[in-house]
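First comes one chain, alone, set out as structure tokens in the form predicted alone.
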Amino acid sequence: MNAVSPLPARAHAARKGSVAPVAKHLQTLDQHVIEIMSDSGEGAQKCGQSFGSIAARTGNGVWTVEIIPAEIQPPARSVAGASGNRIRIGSHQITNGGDEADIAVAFNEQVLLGRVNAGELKPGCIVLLENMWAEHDDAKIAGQYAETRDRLVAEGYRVYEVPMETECRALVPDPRKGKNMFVLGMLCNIYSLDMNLARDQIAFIFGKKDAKVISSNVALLEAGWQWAESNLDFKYRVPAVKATVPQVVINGNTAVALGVLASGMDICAMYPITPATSASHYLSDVFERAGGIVHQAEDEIAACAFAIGASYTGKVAVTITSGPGYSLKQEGLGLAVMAEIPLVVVNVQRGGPSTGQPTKVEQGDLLTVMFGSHGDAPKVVMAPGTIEDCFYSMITARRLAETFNMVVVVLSDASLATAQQPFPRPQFSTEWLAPPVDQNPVPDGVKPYDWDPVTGLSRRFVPGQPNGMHTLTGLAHDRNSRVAYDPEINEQGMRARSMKLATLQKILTPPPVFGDREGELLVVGWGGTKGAIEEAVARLRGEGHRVSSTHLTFLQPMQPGIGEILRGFRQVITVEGNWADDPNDPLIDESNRRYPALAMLLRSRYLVDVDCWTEVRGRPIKPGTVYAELRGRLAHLETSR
């Protein structure tokens, strides 16, 4: 069957009745990228998540990326209103969303057009397009459909028009609520996935509904599978390798929430904010069963204050937010630093400034988290690089907060928050949990802030502890917690709080190097760019280039040994999702160029001429884009010898 426009003949036949399956060649692939897009509320995101889960259970490597419009409810059939999911599946571990899509499924041509205009589809991409708009009563809509369809065909896309509305209406009264499961069935057929796993997935999704809901969605799934079998002339198989240990398939926010549970924290105080809110949604469902509490405060400031108060009583609380919420918490965080109250803060970064791009990814908050507070307020800053890291970082954060009586900030981002990836199911350890609160009497002579002269550490006092009564204040204070403006005492307090970071740095290990420890080019990254960077570096190394990368998990304090790693390479660059000036712009030179956050930190600390490449396009950085940039750098290094 040829992919032509208008609707292929076999699709017309399928609308009238059953037809014999078309001849098709089963092609084996190493990997593929699929995008599913619809208007908000039509279930494309759920379809993509389900497809990713089925593929992961099959044994494929999977990474999903949510396509989220900036508006909560954008106008229907709008170019900027695409809502959906990108799914990358492979025969090996997948660590990022990949490059342009190989297949796109669209519930209308306008949301598809937005992705085409953004350059998200590969040349010659297969397009499965809902055809109901071709004969719409509104001539303008029918004209938009025909114009877009013809443009796509002219530009070389393989367009298959799919009668989703007609096929679904035969099974459910409201096709808008069924197309996503029909599409799921089509994709299971196209990628040769086990339909029993797909049926199980539907039973899991609608487990809280009655049996009729589950059966009707299974019928839609099977109808989609049969339509694809009868009408599409292509079929793929991405070889899968069954995992040898149990796996979980979750997104970064769920991993953070599970990490909160696993760490022994039992209080989360937050105010809803995109893209962090789903972490509290998950905790709200499960936390109470583990003895935890989710407190939804009236605003971000109150959430921070509640968490600080809970931690003061002997717990270690967490507050979860995004950039604008973190800004509102700053004064409260300063109180926690001054009073040396342990606290964990999760900042799921998004595009800014101001409201910015609330549903888009960016790495713009690093310097704010490190230096944004008034006065010197040292905090531990960590940045998970994978979804699995999101889980384990919460356990580490709780332990560090309690050990050092400090604020520990975990910097996630919108890409990690919403992406799904399988990883080995964590095996719970009691070592992850907080030790019992010490309620023994405070020994005679021990002071509330009895700072160790070397480490800056002091004992944690808990309200109600015998001999532990003292006044807690956010003012400068002495070792007895008495307000003190004496210059020497003020410096003693500042030194002690700073020494905690130095103490932590001494027990950290150097960051691993992906590749050789010497070479032409070193790429340094942090946070959710890890997968894209390492894929690009691996590709270049496979071509014989002397390029390596290292990814920083601790940004404050930085891990030891970084300077030595940097100096082992002829050129060092950072790849980051925050702003940097382009040195080719007419007004930019070395006297005024703005560097991105990590490059600035590395340059100032290690006195190495660290260059940079950044992208702030509101989407995850693609491995192919990084590869092209690095290859250009390597070519320049070769010619400049």
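Bear in mind that the values here come from a model prediction, so they are computed numbers and not experimental data. Quick note: we count residues from 1 along the sequence shown, nothing fancier.
The form predicted together with a further copy of the same chain is left out here; the points below concern that form.
In the predicted complex, a further copy of the same chain sits beyond 4.5 Å of every heavy atom of residue 140. In the predicted complex, a further copy of the same chain lies farther than 4.5 Å from every heavy atom of residue 30.
Residue 178 falls outside the set of residues with a heavy atom inside 4.5 Å of a further copy of the same chain in the predicted complex. Residue contact with a further copy of the same chain in the predicted complex: residue 353 places a heavy atom within 4.5 Å of it. Exactly one of the stretches 452-460, 145-153, 543-551, 515-523 approaches a further copy of the same chain in the predicted complex with heavy atoms within 4.5 Å, and it is 452-460. Exactly one listed residue, out of 97, 90, 385, 364, brings a non-hydrogen atom to within 4.5 Å of a further copy of the same chain in the predicted complex: 364. For the residues 475, 213, 508, 170, the 4.5 Å heavy atom test against a further copy of the same chain in the predicted complex is passed only by 475. Three-residue candidate spot 61, 628 and 636; no residue lies within 4.5 angstroms of a further copy of the same chain in the predicted complex by any non-hydrogen atom. Along 334-373, these residues reach a heavy atom to within 4.5 Å of a further copy of the same chain in the predicted complex: 334, 335, 338, 352, 353, 354, 355, 356, 357, 358, 360, 362, 364, 365, 367, 368, 371, 372, 373.
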